[in-house]
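Shown below, as structure tokens, is a lone chain in the form predicted on its own; questions about how it binds or moves come after it.
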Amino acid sequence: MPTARMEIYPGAVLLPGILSRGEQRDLVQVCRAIGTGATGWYVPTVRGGGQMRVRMLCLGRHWNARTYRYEACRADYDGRPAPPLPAALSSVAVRIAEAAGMGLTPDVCIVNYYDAAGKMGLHQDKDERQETLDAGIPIVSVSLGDTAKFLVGGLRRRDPKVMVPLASGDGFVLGGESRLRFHGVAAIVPRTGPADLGLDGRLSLTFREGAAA
């Protein structure tokens, strides 16, 4: 059966329910195993000293919340090397990008864990290599657990925004002319995730290409 596809804007594509429940459970298990390991979850501290309202885990390369650069080690936290990006995760991102009509060879995945109070302010994902941005190579997001009220705007922070509910198993792609749209998470809807995932809250897996030097 063809994957459902909803184009929010040109290049901004929602793929509802693209992951089966079994695939969702597998991804949760992989993320939980890494997140509870020696180089696991942490709360990023941004420029100015404030803390983000998520727990984060960077795979493949580390995103430094103070410098907005990718690096091999978590220099802004504990100095540990970033865990590798498992092939089981990157293959999911490649499939979702293809379902949206785009191509992606991810070299990093940022996993964010949101509890009931979790949020993510409006931002652009623009820290990848310039040639990646210029080519419109997409970012791919996977949602697991509780539904997120996801905001997608324009190329300026003040542009109008639409709210897209992202439920467990949904994929979302920002590429092409929408690659640099502002986006964020306004709120998490508690207790809306599948009970059999054993996940209290939401996991968001965001895959990017162009993080490696």
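A quick note: this is a predicted structure, and the numbers were derived from the prediction, not measured. Numbers for residues come from their place in the sequence shown, where the first is 1.
The next section is about a form of this same protein that is not shown, the form predicted together with a small molecule.
Which of 23 to 31, 38 to 46, 178 to 186, 156 to 164 has heavy atoms within 4.5 Å of the small molecule in the model of the complex?
Within 4.5 Å of the partner lies stretch 178 to 186.
Using heavy atoms and a 4.5 Å limit, would one call Y114 a contact residue for the small molecule in the model of the complex?
Yes, contact at 4.5 Å.
Determine whether any heavy atom of M102 comes within 4.5 Å of a heavy atom of the small molecule in the model of the complex, and answer yes or no.
No, M102 sits far enough from the small molecule in the model of the complex that none of its heavy atoms falls within 4.5 Å.
Would you please decide whether I137 lies within 4.5 angstroms of the small molecule in the model of the complex, comparing each non-hydrogen atom pair?
No, I137 is distant from the partner.
Wondering, does A82 line up within 4.5 Å of the small molecule in the model of the complex on heavy atoms?
A82 lies outside the contact set for the small molecule.
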